[in-house]
Ligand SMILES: Cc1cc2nc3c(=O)[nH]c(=O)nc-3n(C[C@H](O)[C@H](O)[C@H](O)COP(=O)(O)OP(=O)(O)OC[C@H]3O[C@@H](n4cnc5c(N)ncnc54)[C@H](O)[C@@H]3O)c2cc1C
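Here we start with a single chain on its own, the form predicted alone, put down as structure tokens.
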Amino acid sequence: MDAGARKAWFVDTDADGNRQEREEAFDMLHVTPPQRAPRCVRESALANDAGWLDADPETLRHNRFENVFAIGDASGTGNAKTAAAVRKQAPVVAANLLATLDGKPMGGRYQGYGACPLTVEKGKVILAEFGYQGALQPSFPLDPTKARSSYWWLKAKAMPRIYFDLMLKGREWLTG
């Protein structure tokens, strides 16, 4: 990246492994490193071809090992890797694990839910809640495409408490 010239260079790799460099001009640049599963998953028999835990995207059970279930950032489900996704994955894994232990059919289905609060102006956020194929899955009975100050409050004040004080301690009640 050349910040003074406002140019950045990226390397694109196609499905065959061919690499090509491209230059992009920018006014604002936000980049993140490529996401990948931890080495203990991606280099194990649990991984799919892309290195993620090889799980059924709906039941979250491993495709080859019936006693393994996926939850969180290492799961190869094709969804966004967010804490909100884990909120919806946890009850599916719990229901399907208990059904499996009882020898019953798995009834839990994960729909790819993920959420990202996007700040679009000072004090206003769009709460982007979506599932597989980008299907909207709003949690609130409000237009999910409209920026709201109430969503800013949710992002700034409520979500950190929900995440740190409830979810990480196993006390999150919004999972349904």
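One rule holds for the numbers: they count along the sequence shown, beginning at 1. Here the structure is a predicted model, which is why all the values come from computation and not from measurement.
Omitted here: the form predicted in complex with the ligand. The next part is about that form.
Using a 4.5 Å cutoff between non-hydrogen atoms, residue 117 counts as a contact of the ligand in the predicted complex. A residue is said to contact a partner when one of its heavy atoms sits within 4.5 Å of a partner heavy atom; residue 38 meets this definition for the ligand in the predicted complex. The closest non-hydrogen atom of residue 91 lies beyond 4.5 Å of the ligand in the predicted complex. The ligand is not shown here, but in the predicted complex it comes within 4.5 Å of a heavy atom of residue 86. Of the stretches 53-61, 141-149, 66-74, 128-136, only 66-74 has residues with a heavy atom within 4.5 Å of the ligand in the predicted complex.
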